[in-house]
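Below you'll find only one chain, the form predicted on its own, shown as structure tokens.
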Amino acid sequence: MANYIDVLKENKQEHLLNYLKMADETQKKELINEIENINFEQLSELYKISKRDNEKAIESQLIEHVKFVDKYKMSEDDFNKYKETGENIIKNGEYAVVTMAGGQGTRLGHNGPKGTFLLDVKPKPKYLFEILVDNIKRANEKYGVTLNWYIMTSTENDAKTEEFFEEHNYFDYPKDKIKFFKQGNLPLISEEGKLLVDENFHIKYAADGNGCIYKSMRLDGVLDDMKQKGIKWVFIGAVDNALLNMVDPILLGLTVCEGNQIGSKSVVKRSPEEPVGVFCKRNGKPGVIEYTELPTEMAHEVDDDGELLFGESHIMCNLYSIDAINKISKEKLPYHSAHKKAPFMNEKGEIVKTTNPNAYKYEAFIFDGFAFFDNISILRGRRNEDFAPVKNAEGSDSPATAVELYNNYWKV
């Protein structure tokens, strides 16, 4: 095995040698171990992504409008058929739910896992996790089951999340029906392509995106656990949607009846500029274009009825057959870069906190898994029933807007 010094020089990361000189013996040993476990070939490929022109990359692909079914325009016969099909699967114990909860509440000014954020809804404030528990409990009562709930955390918040559930007695949900698992990490890279170091002399890492959930479910034994329990269909949603309907028999029934292995729910974009990904067909395969990658001209295109051609928002309400998850978990999903603010320790041992983005984070997106299938089912829902995101401290998609949507929906 090559000496770590040679590895650093070969990969133009020799600045890390300065940190090794400052570190004590324990810190030095740990940092060397981290260096020896970095995939530098992958790191080089990731850095190239940061310099890619996303709009040109999109323009080189065939991007087409995608077919969807409007929940409120389907016939009564179709509605009843989908409802019965979906409910039978749920009642048979073949359905489970997964929550992606690896993020922190930093943008909300909250010090802790995002799911532990307290939303000031009526008749009493509830944590985001608590709102999801209520959702599952209602489904359990309705269908006479006790659904298995899987929660994906991150290295950063796993311990705090499990402690939170212990402190709140799992919100009276059976503890044996809840299973936690962690997503992976990738190093942060500076604008110059250099690895960053934190105040404890560790390489700075960040969670590798919601698209890595498939692989994490396989590696952490979640898929095996589901198979043993006879689960055939799995809903995956985000922790920060106060109106998230985790158990929708219409979405399930539609997906089954259309003969697809993946289903997803959409809502119409508020405007061409709304910062959400939109459904499309990319080179003949189902997918989503992130708002950061959608060319302005395409974002404003409309059809003959005046509706946006690319107006079906992906709201992180995704349904899969267990076979679909298993298949995607063995595939290599593309990574996307995001320009982020990342405090770090410089080579003088000083902690640098920046007000501007200074580093690249790399993420796989969950919707890139759609491309391994010819078609997916898309059910258009309604924003006031399906989507109350808690993303920003103020303004749109904030706690205030989520509270209003929640209270209006539940008429409280």
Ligand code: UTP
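When you see a residue number, it is the position in the sequence shown, counting from 1. All of these numbers come straight from a predicted model, not from anything done at the bench.
The protein also exists as the form predicted together with uridine 5'-triphosphate (UTP); that form is not presented, and the subsequent description refers to it.
Q: To verify the annotation, which of these, Asn318, Ser216, Asn210, Thr255, has a non-hydrogen atom within 4.5 Å of uridine 5'-triphosphate (UTP) in the model of the complex?
A: The residue from Asn318, Ser216, Asn210, Thr255 that makes the contact is Asn210.
Q: Just to be sure I understand the contacts: of Asn92, Thr106, Ser271, Asn283, which is the one whose heavy atoms reach within 4.5 angstroms of uridine 5'-triphosphate (UTP) in the model of the complex?
A: Checking each option against uridine 5'-triphosphate (UTP) in the model of the complex, the one that comes within 4.5 Å is Thr106.
Q: When the contact criterion is heavy atoms within 4.5 Å, does Met152 count as touching uridine 5'-triphosphate (UTP) in the model of the complex?
A: Contact with uridine 5'-triphosphate (UTP), yes.
Q: State yes or no: in the model of the complex, is some non-hydrogen atom of Gly102 no more than 4.5 angstroms from a non-hydrogen atom of uridine 5'-triphosphate (UTP)?
A: Looking in the model of the complex, residue contacts with uridine 5'-triphosphate (UTP) include Gly102, since a heavy atom lies within 4.5 Å.
Q: Heavy atoms within 4.5 Å of uridine 5'-triphosphate (UTP) in the model of the complex: does Val133 have any?
A: Val133 lies outside the contact set for uridine 5'-triphosphate (UTP).
Q: Taking heavy atoms and a 4.5 Å cut-off, does Lys204 contact uridine 5'-triphosphate (UTP) in the model of the complex?
A: Outside the cut-off, so no.
Q: The chain here is shown without uridine 5'-triphosphate (UTP). Which stretch in 187-195, 67-75, 238-246, 318-326 comes within 4.5 angstroms of it in the model of the complex, by heavy atom distance?
A: Comparing against uridine 5'-triphosphate (UTP) in the model of the complex, the contact stretch is 238-246.
Q: Who in 263-277 is close to uridine 5'-triphosphate (UTP) in the model of the complex, meaning a heavy atom within 4.5 Å?
A: Heavy-atom contacts within 4.5 Å come from no residue here.
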